[in-house]
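In C-alpha cells, one chain follows: the form predicted alone.
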C-alpha cells in the first residue's frame, strides 16, 4: 500500500476514534472517510483493534522524535513538554485520550506496541545521559518516564486541570532535584 494512502487511512481512523470513541470506530467509517474500499483495509488489518493499534504507532499526528538538547534535564523537560502537547492540544489530545483510554475497557486493543515504540525512542535520552556522566547506569529509564508522563496524564486527563507552560520544568526539577 502506498505510504500516502496508508496515512490517510490512519488519519481517518484516529479522527473517528477521537470523534466517536472506540465503540463508534468502524472499518466501514474509516473506509468512507479515507476513500478506500473496506476489503482493502481488512486485507491489511484484520480488525478495528489491529487498525487502531497500527495507527497509534504509524500515524503522523502522533509522530514522535526524542529530543536532544545536550543535557538530561533539557531532554526531559522537552519530553514532558511533548507529552503535555500530546494530551492538551488538538488534534492529538482527543485522539490520545480516546484511543489509549479505550484500551482499558477493550483488551483486544493492544497499545503495548505504541508504548514500546515510544520507549525505544526515548531510551536514547538516557543512554546519552549515561555516556555524558549525568546519570548512573542503574537508573531505570522506564520508571523516570512513568513518573514524568504519569504526572501529565494525571493532571490533564484524570483531574481535568490545566497543565501550565512551566509544568514540564517543574516536574523534571521535582524528580531530578528531589522535593
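Owing to the predicted nature of the structure, the values given are computational and were not obtained by experimental measurement. Positions refer to the first chain, counted from 1.
Form predicted together with another copy of the chain: not shown, discussed below.
Asker: Please pick, from 144, 36, 27, 50, the one residue with any non-hydrogen atom lying within 4.5 angstroms of another copy of the chain in the predicted complex.
Answerer: Contact with another copy of the chain in the predicted complex is made by 144 alone.
Asker: By the heavy atom within 4.5 Å rule, which residue out of 62, 111, 66, 31 makes contact with another copy of the chain in the predicted complex?
Answerer: By the 4.5 Å criterion, the partner-contacting residue is 111.
Asker: With the partner left out here, if you bring back another copy of the chain in the predicted complex, are 100, 115 and 171 all within 4.5 Å of it by some heavy atom?
Answerer: Affirmative, all three are within 4.5 Å.
Asker: Would you classify residue 153 as touching another copy of the chain in the predicted complex, given a 4.5 Å non-hydrogen atom cut-off?
Answerer: Yes, contact at 4.5 Å.
Asker: Applying a 4.5 Å heavy atom distance criterion, does residue 130 contact another copy of the chain in the predicted complex?
Answerer: The answer is no: residue 130 has no heavy atom within 4.5 Å of another copy of the chain.
Asker: With a 4.5 Å heavy atom cut-off, would you call residue 176 a contact of another copy of the chain in the predicted complex?
Answerer: Although another copy of the chain is absent here, residue 176 would touch it in the predicted complex, with heavy atoms inside 4.5 Å.
Asker: Even though another copy of the chain is not shown here, does residue 140 get within 4.5 Å of it in the predicted complex, heavy atoms only?
Answerer: Within the cut-off, so yes.
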